[in-house]
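Taking the form predicted on its own, here's one chain by itself in structure tokens.
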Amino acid sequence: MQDVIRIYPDPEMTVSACAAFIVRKIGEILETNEFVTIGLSGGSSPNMLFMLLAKEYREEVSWNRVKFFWVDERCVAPDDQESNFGTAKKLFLDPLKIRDENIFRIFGENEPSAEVERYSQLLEKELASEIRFDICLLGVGTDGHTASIFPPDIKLMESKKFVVNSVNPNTGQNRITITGRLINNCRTVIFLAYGKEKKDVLDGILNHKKREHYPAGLVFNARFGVFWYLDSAAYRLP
């Protein structure tokens, strides 16, 4: 599917539009499916989105019919301030009173290789024959990484596995991440990015200058499209 690029004047409007799109997609999917599966990302970009969804859409979504998974996790305890799950729990899941049975987190506190195996099996069990999320929320780093797939390990975008252990090349921190195989198998992929520090990498990806050099640039096979929600500081159409 072709990229769908949507640009807004500032981060607040970008996040608001992204939230409305997610809510609309959830509603569409629930018309025919019992549940919606969503892969959540970490980093700073989703935080505003989490808070907005919890505040503005508390009553507008059948949240008890949404199952939450994670695209990546830092190898830390869930109460660590760097935990992707911990942040989502505080800003999003707890305010909406999401039931434990709808939450499928990556156990960052586990030994990494054992957790890769456990989470892989969990995804196979919960997502049945087609290992995909209905909605996959992603960010993009200034180095072009997405999920926890960094440029030195760009080969993970073509891994035959669904979940792997990765390492942040800047900090040496262990991560657990889904791979390009799962990302590109999702029904709808949404990138949320804003701020001038993302300008160079988004120019390289979306204007096809160096797309193949960045993990985020290798996301393009989602069944119903790859949607980029950006502010004007991060990207301007050529």
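Residue indices: 1-based, along the sequence shown. Being a predicted model, the structure only gives us computed values, none of them experimental.
The next section is about a form of this same protein that is not shown, the form predicted together with 6-phosphogluconic acid (6PG).
Undergrad: Can you work out which of 147, 163, 136, 106 has a heavy atom no more than 4.5 Å from 6-phosphogluconic acid (6PG) in the predicted bound form?
TA: Filtering the options by heavy-atom distance leaves 147.
Undergrad: Between the options 41, 179, 185, 37, which residue brings a heavy atom to within 4.5 Å of 6-phosphogluconic acid (6PG) in the predicted bound form?
TA: Looking at 41, 179, 185, 37 one by one, just 41 meets the 4.5 Å heavy-atom criterion.
Undergrad: Any chance residue 141 has a heavy atom within 4.5 Å of 6-phosphogluconic acid (6PG) in the predicted bound form?
TA: Yes.
Undergrad: Taking 4.5 angstroms as the cut-off for heavy atoms, does residue 74 touch 6-phosphogluconic acid (6PG) in the predicted bound form?
TA: Result yes; residue 74 sits at the interface with 6-phosphogluconic acid (6PG) in the predicted bound form.
Undergrad: Report the stretch among 27-35, 199-207, 44-52, 60-68 that approaches 6-phosphogluconic acid (6PG) in the predicted bound form to within 4.5 Å, counting heavy atoms only.
TA: Selected range: 44-52.
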